[in-house]
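Shown next as structure tokens: one chain only, the form predicted alone.
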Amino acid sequence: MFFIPGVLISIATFPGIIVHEFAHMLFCKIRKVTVFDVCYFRVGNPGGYVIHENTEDFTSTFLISMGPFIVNTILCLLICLPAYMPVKFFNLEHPLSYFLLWLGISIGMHAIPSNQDAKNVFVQAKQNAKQGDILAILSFPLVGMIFIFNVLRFFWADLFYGVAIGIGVPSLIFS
């Protein structure tokens, strides 16, 4: 493995960061959670952020925190699917297809929520699981996987996820 500074990865995959923050913002709006500040992209760490009010509603916390997983994954697949087919089946290596593959994979690379998002879910899930909340109970393995995945980013797990969704899933669908 070789090391590329995170700032360069952020610049190369900026659409994914923008969509990631948009997904947080979208679920804040859907759940009527007040947003105080938003930055969709910046060169730095973090690459973007959404600052919103705290909510005691576990469903809202879960959706806002996991929004990027839902939105980025779906968009990665929807963008890469039509770009994959001409290259795979017709050997049409058009620049637009490769642009769409880059766009979809860069969005997919930023699908996994941050450790802070996972922590927010975990803290409220502990309380709600005691009351029998099924979503809270089911969120524990997801939160664990997010923490593990974020450690594995050093080994390019985010790129592998984006490629798996953007190219792997279409190749399974059309094999």
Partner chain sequence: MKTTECSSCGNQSVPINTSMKIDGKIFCTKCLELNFPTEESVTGKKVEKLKDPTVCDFCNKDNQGIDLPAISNLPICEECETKIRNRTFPNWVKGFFATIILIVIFSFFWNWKYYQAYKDLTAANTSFQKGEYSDANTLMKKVADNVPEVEEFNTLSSFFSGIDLLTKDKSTQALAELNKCKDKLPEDYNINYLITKAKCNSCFDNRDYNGFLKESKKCLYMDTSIALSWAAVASAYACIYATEGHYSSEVLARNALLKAKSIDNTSKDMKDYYNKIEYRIYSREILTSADFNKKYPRGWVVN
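Positions refer to the first chain, counted from 1. It should be emphasised that the depicted structure is a prediction, and the values quoted were computed from it without experimental measurement. So that the term is clear: the rigid core is the largest set of C-alpha atoms that superpose within 1.5 Å between two forms.
Not pictured, yet referred to below: the form predicted in complex with the partner chain.
- Each of I18, K29 and T34 is positioned with at least one heavy atom within 4.5 Å of the partner chain in the predicted complex.
- With the partner omitted here, the residue from I70, V123, I137, V38 that has a non-hydrogen atom within 4.5 angstroms of the partner chain in the predicted complex is V38.
- Per the 4.5 Å heavy atom criterion, the partner chain in the predicted complex is contacted by stretch 103 to 111, the sole one of 142 to 150, 58 to 66, 103 to 111, 123 to 131.
- Interface residue remark: M25 is counted as part of the site for the partner chain in the predicted complex, having a heavy atom within 4.5 Å.
- Using a 4.5 angstroms threshold between heavy atoms, H94 counts as touching the partner chain in the predicted complex.
- A residue is said to contact a partner when one of its heavy atoms sits within 4.5 Å of a partner heavy atom; N54 meets this definition for the partner chain in the predicted complex.
- Residues E53, N54, L75, L78, I79 of 52 to 80 are found to place at least one heavy atom within 4.5 Å of the partner chain in the predicted complex.
- Relative to the superposed core, F99 undergoes a Cα shift smaller than 2 Å between this form and the one not shown.
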